[in-house]
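Below you'll find only one chain, the form predicted alone, shown as structure tokens.
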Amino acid sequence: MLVPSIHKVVSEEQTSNLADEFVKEISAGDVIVLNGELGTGKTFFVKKALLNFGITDVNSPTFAIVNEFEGKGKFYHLDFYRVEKINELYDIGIEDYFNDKEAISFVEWGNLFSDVLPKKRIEVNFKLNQDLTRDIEFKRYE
């Protein structure tokens, strides 16, 4: 079981394996928040996780704020990085995304607007270490 835990990864392959294990613990209605600095692997993790559901065309939704995918399920991939005001999130209907019990939502940079995040969520925190390894921490909030 990955949630809760911390893992030190030294390669993309290890990150990919973690994503494969992680998807076994999530289900429709879950909101997964990915936090970490630029280049720590948030989008890569989402790409690898969604491959498990037959989705191959994942890219960062930085400018669109949200991308929607259908595969072996329904998925939203959101990115708060370029959002300037919380009202932008309400304008796109953020509550509708988070309340969709048929979809899994992945939110990059969720920590920038933590007030809109649901209390019940899973956070995946990425930290780049000086030796270029990464610590990936999984936490569950109820």
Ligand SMILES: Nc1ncnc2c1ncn2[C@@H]1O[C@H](COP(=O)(O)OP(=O)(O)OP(=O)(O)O)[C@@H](O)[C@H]1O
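Quick caveat, the model's predicted, so the values are computed rather than measured. Residue indices: 1-based, along the sequence shown.
One more form of this protein should be noted, the form predicted in complex with this ligand, which is absent from this view; the next part is about it.
Undergrad: Sort through 99 to 107, 42 to 50, 84 to 92, 112 to 120 and report the only stretch with a non-hydrogen atom within 4.5 Å of this ligand in the predicted complex.
TA: That would be stretch 42 to 50.
Undergrad: Report whether the minimum heavy atom distance between N125 and this ligand in the predicted complex is within 4.5 Å.
TA: No.
Undergrad: Does any part of E21 reach within 4.5 Å of this ligand in the predicted complex? Heavy atoms only, please.
TA: No, E21 is distant from the partner.
Undergrad: Given that the partner is absent here, does Q130 sit within 4.5 Å of this ligand in the predicted complex, heavy atoms only?
TA: So Q130 does not count as contacting this ligand.
Undergrad: Answer yes if any heavy atom of E12 is within 4.5 Å of a heavy atom of this ligand in the predicted complex; otherwise answer no.
TA: Judged by the heavy-atom cut-off of 4.5 Å, E12 is in contact with this ligand in the predicted complex.
Undergrad: Just to make sure I understand: among 115 to 134, which residues lie within 4.5 Å of this ligand in the predicted complex, judging by heavy atoms?
TA: Contacts from 115 to 134: just R134.
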